[in-house]
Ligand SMILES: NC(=O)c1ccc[n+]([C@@H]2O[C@H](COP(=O)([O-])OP(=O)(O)OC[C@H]3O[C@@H](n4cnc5c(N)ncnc54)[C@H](O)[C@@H]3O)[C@@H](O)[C@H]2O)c1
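First, one chain by itself in structure tokens, the form predicted on its own.
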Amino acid sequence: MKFERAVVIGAGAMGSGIAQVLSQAGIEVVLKDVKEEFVERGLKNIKRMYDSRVKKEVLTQAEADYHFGQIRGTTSYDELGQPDIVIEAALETIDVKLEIFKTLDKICPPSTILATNTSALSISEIASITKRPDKVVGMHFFNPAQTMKLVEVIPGVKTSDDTVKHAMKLCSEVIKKIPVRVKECPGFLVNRLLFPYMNEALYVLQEGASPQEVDEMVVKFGMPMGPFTLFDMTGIDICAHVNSFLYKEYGPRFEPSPLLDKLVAHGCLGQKTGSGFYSHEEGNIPQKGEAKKVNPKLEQIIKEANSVKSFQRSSKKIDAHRIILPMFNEALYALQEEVVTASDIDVGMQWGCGMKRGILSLAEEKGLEWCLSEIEGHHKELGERFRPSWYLKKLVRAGLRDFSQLLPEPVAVR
């Protein structure tokens, strides 16, 4: 299948980034949103992306002008033409997406692939509103889409193998991204693994650690930034919503700390409001090596969170492994459920959240038996957040030290 014409639904940050990526690959793009002002804002955003590429000498001005000219905006479904693929990047609300896909199914040619950029919603439910569920697939780009390499490709229950192959080919061969096939599950791969780690960082904060020391210890482990820096960048309200969703889907293993909801109640949403875990005063950006300023309200907010519900405290000294192990354990649950392959876990975490080493490399460093022993110790003290995967237990009982004994080639430390 050749990809020559595409439609992107939603002209926000994600939609405009996806449209830019497609157009630079030589694909004609229609960018649609519900209001003309949204479309214009999206087009201006794409123009800035191309101007930046010219400034960095990635493209010539003539090349940038040509690629930008491949994109046109619209507010009407009547102007979508005959696309080979539609990628929906609208609001992360199931009712909105169902209405969009119902309309797309009626107006697009039968051969058109309908993809959704959802980061968590059910691909199968979205596909069910159409008469072509075999042509519906998840293509989860990461923000900012114009620079991040990973795309999670998620088939629904009825998605055909051909549709998955075409989506993977579009990512790897046409737009030069790194696709990872992920079995449909709440949170897919990266968010599913990332949030137990971020949630545990909150509990550690409730036990008395500071945001700076937690951020520093996990960066030393191999994370590109600490969890509290990431919370503030992403938006604490958004993270609270995702955390609650995953808890609803997976149960006690994802029981959220009350701290995020307390921060939201205080209006401390991160960079966008000027304060979250850290203070973000306009024009006062910490220089490299300079410590971030902690939100002066944080101490009181933590006290409020601690009064919501009693929780167990660890008898062990807080270290990076306490925060990283929930991510490692969730990776084992994903392997247990055959959501991904072991090698794709490290590919996904490297290119989706910038890890400088593979999460499974923890087994190479410490051994699976050590990992299980630590997780079981935390489970005994801290409860269901640390319930170990039976798959991890099986590997330890089989006498395996790490994943190199399972794979044709050792998992690389990235």
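Each residue number is its position in the shown sequence, starting from 1. These numbers were taken from a predicted model, which means no experiment stands behind them.
Not on display, but discussed next: the form predicted together with this ligand.
Visitor: When this ligand is placed as it is in the predicted complex, which of 46-54, 379-387, 366-374, 30-38 ends up with heavy atoms within 4.5 Å of it?
Guide: Correct option: 30-38.
Visitor: Look at the candidate spot formed by 11, 15 and 140 and say whether this ligand comes within 4.5 Å of a heavy atom in all three of them in the predicted complex.
Guide: Result yes, every residue of the spot touches this ligand.
Visitor: Which residue, 318, 342, 264, 96, has a heavy atom that falls within 4.5 Å of this ligand in the predicted complex?
Guide: Exactly one listed residue reaches within 4.5 Å, namely 96.
Visitor: Which residue, 275, 257, 118, 112, is the contact with this ligand in the predicted complex, using a 4.5 Å heavy atom cutoff?
Guide: Contact check passes for 118.
Visitor: Within 4.5 Å, heavy atoms only: does residue 87 come near this ligand in the predicted complex?
Guide: No - in the predicted complex, heavy atoms of residue 87 and this ligand never come within 4.5 Å of each other.
Visitor: Is residue 291 a contact residue for this ligand in the predicted complex, using a 4.5 Å heavy atom cut-off?
Guide: Contact check for residue 291: no, nothing within 4.5 Å of this ligand in the predicted complex.
Visitor: Even though the partner isn't displayed, in the predicted complex is residue 105 close enough to this ligand, meaning a heavy atom within 4.5 Å?
Guide: Although this ligand is absent here, residue 105 would stay clear of it in the predicted complex, with no heavy atoms inside 4.5 Å.
Visitor: Can you tell me if residue 157 lies within 4.5 angstroms of this ligand in the predicted complex, counting non-hydrogen atoms only?
Guide: No, residue 157 is distant from the partner.
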